[in-house]
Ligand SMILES: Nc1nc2c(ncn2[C@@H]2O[C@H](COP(=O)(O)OP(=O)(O)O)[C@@H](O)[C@H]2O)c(=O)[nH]1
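Next up: just one chain, as structure tokens, the form predicted alone.
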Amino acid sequence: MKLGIIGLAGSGKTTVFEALTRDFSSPGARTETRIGTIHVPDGRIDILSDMYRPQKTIYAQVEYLLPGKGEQKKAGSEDDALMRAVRDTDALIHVVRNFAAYGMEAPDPGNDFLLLDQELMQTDFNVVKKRLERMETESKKGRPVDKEEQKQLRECEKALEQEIPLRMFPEISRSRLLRGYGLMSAKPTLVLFNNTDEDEALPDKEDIAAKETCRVIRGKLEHELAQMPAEDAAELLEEFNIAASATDRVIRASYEILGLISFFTVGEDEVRAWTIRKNTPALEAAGVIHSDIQKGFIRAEVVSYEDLMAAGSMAGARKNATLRLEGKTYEVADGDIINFRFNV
């Protein structure tokens, strides 16, 4: 899972990136795109690892991508370097300034959000329009075009002309036919309002909150916390009424906007978390581990994390009849512990 961090100049993108990834590189490294890979915190993995004492414990991972200063996009600019930098990400984190800063105008989070969001839509509109023109030219020459793709592109064009981001249309934003276009406004988006140290409330922007997944981060404070020893950070978290670190909160929200869940495989060799989308059938989940397991799929032995904890062991779960066999079409649930039976 890779998420691109975007925002207008001065929004605090770098501060947020470093608070999330704990990557405090020297200023000289900031002209290049930065990628921070972090483990997805999951207490269930910790407990399963204590139970099985494996040789390896592997957490799910998430990547955060921050375009370098040479690629930062200024509002109103025709330069689309920023867009190219984050085009291949799975989702976007849109950082919006909601703090006062010396030499800058008073924060206007609603306007700032809309300004960059409109640029995302304009970028998409240009891509869609060019493709439709090309398809029209091909059609006039008697060459075949994909009618369904053309239809979906026209739906995109209509929505973008009305300044509606494509992520508001799930059937379009998730279309396999449009996946290769890297449409920016179609990407799931987490709006992260960057507040002052003392302000933990969302700004009064009901029009945005009603449509978008919004969270607050106190970027400067969280940046300081990320550099502290654990004990000192815990005290400050309590003092500022922060229930969980920025990393934990943003990862949870990232999973939410992407519709992701985790299932686990366990054993003496390895305890591991795997990331899949909600409603993924067991056959496809097997393929996430290895294509051979998917090809030779026979059955999936499944027990939920809660049932395993209640039973105390796999033997106990089998005795309680909570360890069960499932077929190819079983939809994997968050927290399922699975052993795939296969033959190749």
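Residue positions are given as counts along the sequence shown, with the first one as 1. The structure displayed is predicted, hence computed values, not measured ones.
Separately, the form predicted in complex with the named molecule exists; it is not shown, and the next lines address it.
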**Item:** is_contact(Arg249, the named molecule) in the model of the complex, heavy atom dist at most 4.5 Å
**Value:** no
**Request:** Indicate whether Gly10 is a 4.5 Å heavy atom neighbour of the named molecule in the model of the complex.
**Result:** yes
**Asked** Is there a heavy atom of Thr21 no more than 4.5 Å from a heavy atom of the named molecule in the model of the complex?
**Response** no
**Item:** Tyr255, heavy atom within 4.5 angstroms of the named molecule in the model of the complex
**Value:** no
**Request:** Counting only non-hydrogen atoms, choose the one of 261 to 269, 211 to 219, 125 to 133, 154 to 162 that falls within 4.5 Å of the named molecule in the model of the complex.
**Result:** 211 to 219
**Item:** in the model of the complex, the one of Ser139, Gln227, Asn111, Thr196 near the named molecule [non-hydrogen atom within 4.5 angstroms]
**Value:** Thr196
**Request:** May I ask you to list the residues of 83 to 99 that have any heavy atom within 4.5 angstroms of the named molecule in the model of the complex, in sequence order?
**Result:** Phe99
